[in-house]
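Take a look at this single chain in structure tokens; it is the form predicted alone.
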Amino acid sequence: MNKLKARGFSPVVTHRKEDGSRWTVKEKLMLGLTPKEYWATQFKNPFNWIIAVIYAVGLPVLVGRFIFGLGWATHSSYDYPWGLFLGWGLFVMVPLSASGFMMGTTVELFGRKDFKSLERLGLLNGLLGYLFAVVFLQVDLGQPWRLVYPMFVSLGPAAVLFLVAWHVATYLSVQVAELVPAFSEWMGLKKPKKFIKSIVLGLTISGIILSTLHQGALGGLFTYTPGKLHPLWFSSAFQWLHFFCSSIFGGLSMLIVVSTLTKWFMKWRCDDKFLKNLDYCTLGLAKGCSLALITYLVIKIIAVAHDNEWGYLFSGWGQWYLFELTAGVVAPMVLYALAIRNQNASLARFAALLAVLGIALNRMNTALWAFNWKLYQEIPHWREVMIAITVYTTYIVVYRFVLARMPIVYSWKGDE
């Protein structure tokens, strides 16, 4: 598509063609190309062929999981109840999706309109991250029709999972509502956009409350397993705070990574406002990330001192823990500071990548690798790995599909 635009192609950004007639929904889905032209571009894209190979292998395995059960696809047991589906799909994707409430708060509540060009991308990142966290959860549970049971049938208001279920469900609804204006512009619907604009402040505040609580509640889940999780990754007094603080720089760093990938691979869809403001917004987000990183590091050190776990730092697990802190917290924190001082957006993007990988490492350590540290290390089944790759690939496909069509990184012209 970038090559097509270089040759003069203009994607759909308005409701009417040059001759005055309206674009149909089908034509908008085809980006203004004829079906033959559209499918030709899809077949020429090598990334699409990689996706096709992943689906060819992964979809039969995914179907087999629902036919033959969880034991056919994973090594899950009472010792290791959380595999890749929850370790990656829930505990990694949720903190990396915190950009939704962060950008909503920044723009709508604090009035930082200079970050407006990144707001919808942050909201979309949050919505799809939470949506596919629920998809991963359903793949793990295997009975999607029973999703409402912990919320309406078998109530457990004293359980952390009850809190997480309600908060994720209601927060998903809030994020869908926050992206209604983008969909309304694309479809030419005036009233839904006007209604959402009238309640946007309430939606933003609701998003802050819901996201803040369930980010910490995910950490609270591990207070049920004080004897299983390694002491360096477990602190009953600070566990919820670890998860909440890390989600702040995790979500903002993920937004920097996603915006960078969008600029590289979907520049044809970005407008001049998005591209011109990207470096400025990236450095602005870097400031927030650096402050959240140093706060998180201090809390981690206090937690080790509070629980008197210094001795574990001299073990093999301690070296792995120090590597996690050094590579995933200290290094991006220093690089962010240098990027801000030197106004180097490229360095900030590299720091964001390290921070995202650091969050992923921390969550995988907490949910899988440092879990049952006194027993044995569980190696995920190859089918489990393949299913996780397939679902995450679908996340990327949906992400790209929405970005290519709806006014997320460009402004819709002639809004009716």
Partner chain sequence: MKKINRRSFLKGGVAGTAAVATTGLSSKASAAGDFGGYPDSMGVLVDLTKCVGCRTCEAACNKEQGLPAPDLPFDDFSVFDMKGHGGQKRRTSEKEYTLVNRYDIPGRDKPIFRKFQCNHCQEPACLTSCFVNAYTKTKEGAVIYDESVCVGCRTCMVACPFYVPTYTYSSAINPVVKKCIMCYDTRLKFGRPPACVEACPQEVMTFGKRKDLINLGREKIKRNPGKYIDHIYGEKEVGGTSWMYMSDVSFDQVGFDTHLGNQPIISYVKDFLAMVPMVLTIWPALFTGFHLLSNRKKANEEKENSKS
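Quantities reported herein were computed from a predicted structural model and do not represent experimental measurements. Numbering follows the first chain given and starts at 1.
Another form, the form predicted together with its partner chain, is not on view; read the next lines as being about it.
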Quiz item: Looking at 313-321, 269-277, 254-262, 193-201, which lies within 4.5 angstroms of its partner chain in the model of the complex, counting heavy atoms?
Solution: 193-201
Quiz item: Which of Leu123, Leu221, Ala292, Cys281 has a heavy atom within 4.5 Å of its partner chain in the model of the complex?
Solution: Leu221
Practice problem: Consider the chain as shown here, without its partner, and state which of Ala345, Ala303, Leu172, Ala217 has a heavy atom within 4.5 Å of its partner chain in the model of the complex. | Solution: Ala217
Exercise. Indicate whether its partner chain has at least one heavy atom within 4.5 Å of a heavy atom of Trp88 in the model of the complex.
Key: no
Practice problem: Mark Lys36 yes when one of its heavy atoms lies within 4.5 Å of a heavy atom of its partner chain in the model of the complex, and no otherwise. | Solution: no
Exercise. Decide whether Glu378 counts as a contact residue for its partner chain in the model of the complex under a heavy atom distance cut-off of 4.5 Å.
Key: yes
Quiz item: Does its partner chain come within 4.5 Å of any heavy atom of Lys374 in the model of the complex?
Solution: yes
Practice problem: Decide yes or no: are Phe110, Leu163 and Thr225 jointly within 4.5 Å of its partner chain in the model of the complex, with each residue judged by its heavy atoms? | Solution: yes
Quiz prompt | Contact set, 16-45 vs its partner chain in the model of the complex - heavy atom within 4.5 angstroms | solution = none
